[in-house]
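Here you'll find one protein chain in two forms, each presented separately as structure tokens under the names structure 1 and structure 2.
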Structure 1
Amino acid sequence: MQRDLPPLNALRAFEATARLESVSQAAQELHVTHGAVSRQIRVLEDDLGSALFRRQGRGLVLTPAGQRLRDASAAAFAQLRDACEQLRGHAAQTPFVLGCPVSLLTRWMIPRLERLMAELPELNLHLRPQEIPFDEALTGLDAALLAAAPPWPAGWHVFPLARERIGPVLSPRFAQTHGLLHSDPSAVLGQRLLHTASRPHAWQSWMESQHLPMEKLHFSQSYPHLYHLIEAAVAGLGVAIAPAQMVADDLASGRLLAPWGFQDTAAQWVLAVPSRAPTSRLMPLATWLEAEFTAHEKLPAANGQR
């Protein structure tokens, strides 16, 4: 029958004391008190039935038993430190798989990917497009980036990044743009409104925020994904409804205009991770994403642009 090892804390206290030849220095290294180290050494001596140190003047010297245990424990702890360091290095090299809805990946992440990788080179980020809703386990992912409203699935730990804001956008190429730029939000009634199956309630949410009647909306072409919808708006095919973050680059370049600004929704942009997963690799990414998303809060609020 294999006999149990002595308590690990006692072995750590002994190894540090033997290596540093000082109880006080061992206590400092282990972030405990002098008395705590002394007690752990006594526990170890009682377990082994042998004295490990003897007093010599004002200091301690190892007994023959102590010398033997010092050599063995030093080698064992060195191996453990080496193994842990190798595992940490392996974890750092393991790809961090981030799931993104296809539209977010295409319109927002990819244009920022080179800069993200330059600023967080240790992350080893791999992006995975997501066509369907994320499951509670976030299967196959280290994290997911998405816009959603609480409550969150019980298996998620969520890092909020920014409020989602939506508003109508249109191209300078759209035939009615000139008139719409000098009109109030009710001018959208009767226009060709583009929409997407992935966000069926977006127009309703914005119309309610403007106190406009939904029954007077004239819906035109529907698109399967948000990025299709935005590209259709850029092409001048009608007025689209889109999140501010997804069109910020187009607004900055003049490819799209937002005559009536953007309105908060109940949703948030969040970074979600499985609740069982460690978050040490995640925090730099969460901080980076939050800064990017909140940069778009400078875009005008509803009724703030004419």
Structure 2
Amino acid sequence: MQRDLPPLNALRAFEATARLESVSQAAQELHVTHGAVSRQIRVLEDDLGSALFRRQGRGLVLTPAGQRLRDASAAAFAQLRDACEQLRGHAAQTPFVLGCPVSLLTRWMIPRLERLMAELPELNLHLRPQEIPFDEALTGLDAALLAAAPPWPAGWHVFPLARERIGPVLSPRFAQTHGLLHSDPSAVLGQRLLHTASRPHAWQSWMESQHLPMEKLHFSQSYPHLYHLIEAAVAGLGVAIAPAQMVADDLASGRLLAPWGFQDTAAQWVLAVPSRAPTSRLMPLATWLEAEFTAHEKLPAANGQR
């Protein structure tokens, strides 16, 4: 049978008090009031059944019993501190592996990476390109950044970052651009529409949201990745449909135009983590990403003009 340990928090209060020979200073070190420390010491004395301090005037003197306990607890706590220090240090320098689809990585993450590293230097972020669908257990990842619609796989914990919003984009260099700029959304019907196998329903869902018929679409070549699709649009090969965030920088620089704005989809941009992962390193990243994503909410809403 296991012998009983004393109340550990009381022991911590005692150790600090014994080391500093002052209740008040110990309270300061432990970030509590002196009353709390005084009480904890009382609890410990009561538990052990012997006085640990002699109250002498406005100070304290350790009793022999107190001295022995101080030595033991100081050593024990030092050992625990060392071990935890080591673990924490090791955990801190382990890279935080973030899975991310190549399209997002290329067009959104990389332009922001330097700033992210500067603002969260402790994170030691490593990006791992990885396409949707993600492994259910997120094997080898500390987190994944992706756009997806609920329901989420069991075993994920999901931080919503922003609604996904998509819309048609085209280059100023595209031959028909001038005629399209002030037209209805229906004007896209006759254009060369670029699309990607990774988002086969993008045009369909946008057309539905605009109440346009789908039969008259003129699909051009299909691109394997969203990344290529957007590059094709930038090159003026036709009208692409893309999530707002992934063309934000191109819109800002004028390389792309979005005459009909963007439209919410059922999907969201989320940060997904295995449900029982430690949260301490996660929260700063989640916060940063959310801020960065919502900073783009200033992009034109659906039907907005640019």
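Here, residue number means position along structure 1's sequence, counting from 1. Superpose the two forms; the largest set of C-alphas matching within 1.5 Å is the rigid core. Only a predicted model underlies this, so the values are computations on that prediction, with no experimental measurement involved.
Novice: Just one of these is the form predicted together with the DNA; is it 1 or 2?
Specialist: Between the two, the form predicted together with the DNA is shown as structure 2, not structure 1.
Novice: I want to check residue 237: does it shift between structures 1 and 2 by 2 Å or more at the Cα, with the core superposed?
Specialist: Stays below the 2 Å threshold, so no.
Novice: Quick one: core overlaid, is residue 205 moving 2 Å or more at the Cα between structures 1 and 2?
Specialist: No, shifts by less than 2 Å.
Novice: By the 2 angstroms cut-off, has the C-alpha of residue 289 moved between structures 1 and 2 once the rigid core is superposed?
Specialist: The answer is no; the displacement is under 2 Å.
Novice: Could you check how much the CA of residue 71 shifts between structures 1 and 2 after a rigid core fit, in angstrom?
Specialist: Residue shift at the C-alpha: 2.3 Å.
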